[in-house]
Every structure is written in C-alpha cells, then in structure tokens.
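Have a look below at one chain only, the form predicted on its own, in structure tokens format.
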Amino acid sequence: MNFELKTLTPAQAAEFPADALIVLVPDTAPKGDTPLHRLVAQAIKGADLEAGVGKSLATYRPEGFKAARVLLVRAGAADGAALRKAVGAGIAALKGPGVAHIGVIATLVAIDNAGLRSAVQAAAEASYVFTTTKPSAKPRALARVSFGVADANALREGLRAGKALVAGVEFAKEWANRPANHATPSMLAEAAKKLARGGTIKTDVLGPKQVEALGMGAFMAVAQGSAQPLRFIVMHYQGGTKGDAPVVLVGKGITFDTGGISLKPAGEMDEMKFDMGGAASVLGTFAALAELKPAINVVGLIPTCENMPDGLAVKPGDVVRSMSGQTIEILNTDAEGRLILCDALTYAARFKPRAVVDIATLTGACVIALGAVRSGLFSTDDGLADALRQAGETAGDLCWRMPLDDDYAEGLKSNFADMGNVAGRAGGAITAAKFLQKFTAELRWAHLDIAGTAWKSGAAKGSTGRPVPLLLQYLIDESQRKPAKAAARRKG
C-alpha cells in the first residue's frame, strides 16, 4: 500500500479527488467558511456527530465535496493514541471493493510527526489481509492513502517513519500468521536471507553441525525431536559507526510447539504456530531498519526449531549442558523457549553489546498477569527498562515492568543439575525470566514476554506484529543517544 502527503488548505481538502475521504474532526468546531468547515460545524451543531474519539458520521455527496463518500471522525487531541483509534475506525468503515484511494484530511487538527506515524500505522492495520495460504481471501483493495495536512514538508519524517514501521509490522505478521508447514526453521532462515538482498543487512545462517560445535546443548535438545533441522539466524544491521557497540535483539523462534513429551492439550494447539512471534518481531524490526536506516548498529539472533514429541525427543528429567557450561534438568519439555534462548543469550555476549533484549512468547503466566494489553518487561538494568517502557508508550505498544527478586529463583534449584527449567506454577512468568537471567550476568539485559500480545484468538485470530513498534522506537531513541564504544557490564 502506498502512502503520500499533500499540503491542503481546508478549501482544497473539499476538492481533493479520492474514492472516499476521512475528515479528522477536533473536539470543537473550527472557524471558517469553506465546505469543509460548514460540514463539520453542521454535524457538531446538530449533535449528529457524537463526542468521543473514533465516533463517526457518514455522509454521501455533501455539498462542495468532490469525493462521493465523506466520513467525519472525531480525533480528540490528535495525539498518537487518538489518531490510531480515529484513522483505524475510519479505514475500517470505508474499506471495501471500489475503494482503492482514501484521503485522510487532517487540516483541522494539530498533527505532528509522531501522530502521522501513528495514523499511517492505523491505516495499514485496519486494511491488512492475510492471503498467503488462503486463495479465497479478497486481497487488500485499498492501494493508496493520502494524508492532507497544513504543511507536508514539516511531516516528511513522520511519513517516512510510518512507512518503515508498516513494512516491519506487516513482515512480522506475514511470518507469524503462516501455518507451521509454511514457516519451517529453514523457511524462516530464507526470509532472513531475503531481507539481506537489499544490501543494508547481512545474514548468516548456522545449521545443526555449527550449533553443535558452539556447544549449544540446550538449543539442540529442543530440536532433536523434530524432522525439521534447526537453524540459528544471525543478522547484522550496520547503521552506526564501525566499532560502536550494537544492540542485540534475540527472538524465540519455535515454529511449532506441541509441548514435546509434556504434550499440550489439543484445544487451540493450532495457535502454537505463533510461538515464533519473537522471531517474527526481530525479522520485522530488521525489515523496518532497512527502510528507515537509523544511525545505530543492531544484531539479530534467532534460534529456530520445532518442539515435537518424536522418539528422539528430549524427556522430562534429562540433563543437558548449555553453551555457558551450566547444566539444566529439563523437568518440563513444554518450557522449551527458555532453553533455546539461553544459548542465544550466551552467544550474544561475543558482540560486546550496549544492550541485549530478548523477545519471546514465553509463558501463559504472563497472559494471566497482564492479558493482551501490555507485554511483560523484565530487566536487570533500570536505564534499559525505562528506555523500553518509554519507547512502548511513545509507540502505543505498551509493556509493564515485572519484578526479578532473587527469591523467585529458589524453585529453579535441582538435585541433578545446576538448575531446573521450571519452578512450578506460582509466578511462572517471573521464574522463567529468572532462568534467563542466569545466562546474562555480564549483559545489560531485558526480556519481553509477549505471550499475551503477539497474537489474537477467536474471530480476529492472527498476529498483531507486536512488539515491532516498541523495538523500532527503542532503536530510534538509542540512535540519538551517545554511541557506546564498549558494552556496559553488570554483575548479578
């Protein structure tokens, strides 16, 4: 889908040629004597347009307008959250056959670059259609969205950022939505290689023999029950100065999770194709980086495999040796994500990173704790935690910091290994994070548990593309900070 900016006066807005118009309306009627002003004033005066962000009034061939269909939509303060809701509601109401070009008239509201980026994101979200494995699905009819604003030149950066964000979110959605037989570890690796064809990104893919040579026993243990060979994807985006310490993003890439020998219940097991949501978000973030090109160095690590209950599969009670040298008693094979992540986190240290953020659909416990509104945020570093939280607030991709008290790690003790991989039901999202923390002693590290936010169930089943907006905003913010020449180290 194409997005464009146009400088339009209120008089020009009414004449704008499009299949339909969305007029963003402020809380109070603006003063003026153009067809646009008169239409808005009449709707507000007659109480036909309800108050409240996202409330709308549809009109057909209003006087003085070139477009046949004009939808007035309340935009409130026109901040990011309001514009996401208003534009999303408008696009949802107007999309359909015959509507290939929608104009969003924002000349009556005070919109800034961040707001425009949110509006672009909302337009894409409301019109998204997954068609890869559904030939009967009608593809997105909406081909172009034009934003009419008071000064297009002042908002060019917002449009550029919005387009990059849409590219990243839709790349993440595409791969997370694919059924597991259309998104195997090898296919995920090919998707990462495809991103590298533009020249901005470099991608290396390690296979089973290379992973074994690295000593990634925990990762290998999860993969050994599947006929699909594991892949370890290593991506590099070099937007900063050579030698600047990179941010490392680590995405959990379980392309299908049966639970292994600790088999999951059959109900809704199909949704375990989304268990590579963390990997999809890393791929999506790199797709966005390739478009936006911020001045920062980023490394993406994706350990990817299936978790299957084959005769060769790892068993409850088995002990494996991680890349760090620490041994792990696998008490529950359905706690597999942390096993592939722990080896990737050990590998991440070689890049001497300024920060490491892992992203994973890790625990059902996080869904119970935070639902589908906020991702769980865990970190050993207050500055990193604050930066991620603020990035989420700015991007409208919210997270919430959870505790990491040492007492939560008591349940991970094992009689037969350095640790167990589970610690019981109580505080499950926290104990999972405490497990990962054991592999991050020398890192500025944060963990995002996206089990509740990476996808939707029910009639709206599908990937959300989260937390690509949060990650991209964090990297943009980091690119504007003083570059780090060496990794920040932290004990404990």
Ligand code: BES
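The first residue of the shown sequence is 1; numbering continues from there. Keep in mind the model is a prediction, meaning the values are calculated, not measured.
Quick note: we don't show the form predicted together with the named molecule, though the next part is all about it.
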| item | value |
| --- | --- |
| Answer range among 448-456, 29-37, 62-70, 462-470 for contact with the named molecule, defined in the model of the complex as heavy atoms within 4.5 Å | 448-456 |
| The named molecule in the model of the complex reached by all of Thr133, Lys173 and Thr255, non-hydrogen atom within 4.5 Å | no |
| Ile328 within 4.5 Å of the named molecule in the model of the complex, heavy atoms | no |
| Heavy atom of Leu301 within 4.5 Å of the named molecule in the model of the complex | no |
| Non-hydrogen atom contact Arg117 with the named molecule in the model of the complex at 4.5 angstroms | no |
| Partner proximity in the model of the complex: Gly364 to the named molecule, non-hydrogen atom cutoff 4.5 Å | yes |
| Proximity to the named molecule in the model of the complex, single hit among Val109, Met402, Leu195, Met272 (heavy atom within 4.5 Å) | Met272 |
| Interface residue in the model of the complex among Glu336, Asp358, Asp343, Glu306, criterion: non-hydrogen atom within 4.5 angstroms of the named molecule | Glu336 |
| Residues within stretch 375-404 having a non-hydrogen atom within 4.5 Å of the named molecule in the model of the complex | none |
